[in-house]
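Here we start with a single chain on its own, the form predicted alone, put down as structure tokens.
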């Protein structure tokens, strides 16, 4: 029997290796990344198109097109799609990001042949019914009205608008009238332009055998039409950072966002910034949490994050505080910037951050679906899978001097947009 009075010895995380997928090609040229792992007879299928905001001809049309894919096809009504998915115990969703539109199916292996044709129809013969489009607009307009009563939402919308530009793909904000401007023909145009083989990658994970792969080729390899790669419409926006004060929809708290444009995953500094951001505000033991939550008691939660898009990126600090603490909180945030720029991180803190990040990466390798997520993230951005091991190596070896140099390079007050939504 183990002696439970004595704590177990802490073990170093050593060999973090990303399992390599099998890469196949469908008859229409779409690459398929297969992660055949696990013990349960479950299949995860994710069909991803480069069909997000950088590929739009009209604002919000990418979101609307993806949102309407489940609302009816030539062979299935929306109700039939929902009933079939429920009857066979599957889960079918259409998540979207700024860059992509995704179709995600979880299915028992024995029922995969029943649900895959539904996905095939969604990706080849959607009809975008007018009645459902009007309901989609109304739902999203109502949801937007609710969101705009939250200070944190208003602050996030404004800081990203200033960083990227209010008329640019990553910077524009949805408005009620934008939904009114979208018609069925806009959705059809976006669909036929972007939902084609040249813009598509497929990720299969779980218990995958030749029968599953043959089914995918028989359905998606034939139904997704062939088409050329579409080029994104991205223009760089550069404005001098400044401070913005906005009257709040809710007066009880002040929302703060401090941020700037940042490099994305393709930049050689990104891995080091991943560690720096964690130290600053990327986990519960971060400096911002320790100072502003634990020591000062100004807020319940404060964080910093790096958002990496395919063609750009941004960094920001976010928090909500009592109105009387807003100015002091902003001062303390910039103090933490200055400390990182002037003082070396001590080895004890750095060791804790290393272990935290390596533990997160270890968790991300647990199971076929998690592994497929990592493979997807790298493949969609055309980043070599070996970069996962390179990130592990950076976490293990980055020095306090490296961290200080990155802080001096990127955490500059005069480059930060400061958005305060409060009285």
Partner chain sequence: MIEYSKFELENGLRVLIHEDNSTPMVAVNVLYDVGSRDESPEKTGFAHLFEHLMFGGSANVPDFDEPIQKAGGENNAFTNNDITNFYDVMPAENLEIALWLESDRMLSLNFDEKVLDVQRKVVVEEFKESCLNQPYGDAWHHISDMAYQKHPYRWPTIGIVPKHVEDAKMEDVKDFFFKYYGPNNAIIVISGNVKVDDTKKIIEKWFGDIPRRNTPKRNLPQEMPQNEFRAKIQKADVPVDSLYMVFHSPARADEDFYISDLLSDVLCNGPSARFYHRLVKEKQIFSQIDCYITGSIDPGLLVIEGKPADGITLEEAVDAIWKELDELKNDLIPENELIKWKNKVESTLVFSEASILNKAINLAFFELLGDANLINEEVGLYEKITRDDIRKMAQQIFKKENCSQLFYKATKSVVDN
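Rigid core here is just the name for the largest C-alpha set that superposes within 1.5 Å across the two forms. Since we're looking at a predicted model, the values are computed, not measured. Numbering follows the first chain given and starts at 1.
FYI, the form predicted in complex with its partner chain isn't displayed, but the following is about it.
- Each of 83, 142 and 158 is positioned with at least one heavy atom within 4.5 Å of its partner chain in the model of the complex.
- Interface residue among 385, 377, 390, 362 relative to its partner chain in the model of the complex, by the heavy atom within 4.5 Å criterion: 362.
- For the residues 326, 202, 154, 279, the 4.5 Å heavy atom test against its partner chain in the model of the complex is passed only by 154.
- Screening 395 to 403, 5 to 13, 410 to 418, 19 to 27 for residues having heavy atoms within 4.5 Å of its partner chain in the model of the complex returns a single hit, 5 to 13.
- Taking non-hydrogen atoms only, residue 284 approaches its partner chain to within 4.5 angstroms in the model of the complex.
- In the model of the complex, at least one heavy atom of residue 107 sits within 4.5 Å of a heavy atom of its partner chain.
- In the model of the complex, at least one heavy atom of residue 42 sits within 4.5 Å of its partner chain.
- Among heavy atoms of residue 132, some come within 4.5 Å of its partner chain in the model of the complex.
- With the core held fixed, residue 12 shows a CA shift below 2 Å between this form and the one not shown.
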